[in-house]
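Take a look at this one chain, the form predicted on its own, written out in structure tokens.
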């Protein structure tokens, strides 16, 4: 059985690898549509509130009104230096790769799975007309590719 839940958060980002408008710092109201695989036991499977109790506070704490940033982005070092010098703190959600919606989908799929939920699919909406659909097969393949790259590097 599939249970579907939707969430939203606001975040800034830029994609330093592009040479178009997305290279500039800007923000989005991201939308998530989660498709959870659940097993029914008795009269019900899972309460919607069970998802909300973990996911909503996590999004608020880690993502909402923060900045998605890649460790390889020169702006990351600048922000780290600024925070160290001034004591000012920014909410930075660090990604291992560019802050594309595809990389964000992988990160969020991983984080939600680590909460103990079994996702079948995750849709990440960057704008009203731009959505990435990321499946469990995509996640498995991405993780295999990353493991192979790590093994080759060692």
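Residue numbers count along the first chain shown, from 1. Predicted, not measured: the structure shown is a model, and the values here were computed from it.
Form predicted together with a small molecule: not shown, discussed below.
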item	value
Any non-hydrogen atom of residue 12 within 4.5 angstroms of the small molecule in the predicted complex	no
The small molecule contact in the predicted complex: residue 129, any heavy atom under 4.5 Å	yes
Contact of residue 107 with the small molecule in the predicted complex (heavy atom, 4.5 Å)	no
Interface membership of residue 120, the small molecule in the predicted complex, 4.5 Å heavy atom rule	no
Option from 61-69, 35-43, 121-129, 82-90 whose residues, in the predicted complex, bring a heavy atom within 4.5 Å of the small molecule	121-129
Residue among 56, 102, 50, 111 with a heavy atom within 4.5 Å of the small molecule in the predicted complex	102
